[in-house]
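A single chain, nothing else alongside it, follows as structure tokens in the form predicted alone.
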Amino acid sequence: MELNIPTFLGQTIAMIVFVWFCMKFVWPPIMNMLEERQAQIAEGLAAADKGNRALEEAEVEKQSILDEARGQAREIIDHANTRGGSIVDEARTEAGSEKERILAAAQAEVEQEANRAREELRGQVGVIAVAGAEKILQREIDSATHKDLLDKLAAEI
């Protein structure tokens, strides 16, 4: 291959035509594809950033919801403990009043039994006194006549 001016000039013209052809028909589609790809990458990065921000916001919201739920749980537990304590206090109060009522009823019943026993004992003492007086006097005492006497004796006892 000889290097002369017409060959050099022909190669220069061919190169200029080739560059013009590439710039006119090849270069614009390649640039469009690169710009589209760049836009897709930018959109993907923006979406990833948006997703990361949404994830961080969701994490913060999750933490606040958990804190709120824990606070509500503490309030419910405190309320339940307070209510349980008040129920125990009410039960103690009721048990105390029930105890007093039962003791009063038992005491009244004991007094009634004691009075009944006293009356029965008085009656028996009266009969024994009459029998003893009969034996001492060796005669029968009229119980109708001496009823007042026995009542007075029972009252003294």
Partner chain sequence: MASNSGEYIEHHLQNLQACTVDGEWVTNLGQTKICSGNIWAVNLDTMFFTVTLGALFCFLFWRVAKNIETGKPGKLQAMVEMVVEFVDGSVKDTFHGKSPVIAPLALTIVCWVFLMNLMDLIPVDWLPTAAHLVGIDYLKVVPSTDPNVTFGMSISVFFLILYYSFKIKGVGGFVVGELMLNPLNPKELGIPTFGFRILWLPIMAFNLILETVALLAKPLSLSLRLFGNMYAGELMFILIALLGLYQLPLHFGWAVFHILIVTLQAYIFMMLTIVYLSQAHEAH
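Whichever C-alpha set is largest while still superposing within 1.5 Å between the two forms counts as the rigid core. Numbering follows the first chain given and starts at 1. No experiment lies behind these values; they were computed from the predicted model shown.
Only in words, not in the display: the form predicted in complex with its partner chain, which the text now covers.
Per the 4.5 Å heavy atom criterion, its partner chain in the predicted complex is contacted by stretch 34-42, the sole one of 34-42, 113-121, 90-98, 65-73. Within this chain, Val127 is remote from the site of its partner chain in the predicted complex, having no heavy atom within 4.5 Å. Using a 4.5 angstroms threshold between heavy atoms, Ala131 stays clear of its partner chain in the predicted complex.
The closest non-hydrogen atom of Ile102 lies beyond 4.5 Å of its partner chain in the predicted complex. In the predicted complex, at least one heavy atom of Ile30 sits within 4.5 Å of its partner chain. For the three marked residues, Leu3, Pro6 and Thr12, a heavy atom of each sits within 4.5 Å of its partner chain in the predicted complex. For the partner-free chain shown, Met15, Phe18, Val19, Phe21, Cys22, Met23, Phe25, Val26, Trp27, Pro29 of 15-29 come within 4.5 angstroms of its partner chain in the predicted complex, judged by any non-hydrogen atom. If you fit the rigid core between this form and the one not shown, you'll see the Cα of Val125 move by less than 2 angstroms. Put the two forms on the same core and the Cα of Ala105 is off by less than 2 Å between this form and the one not shown.
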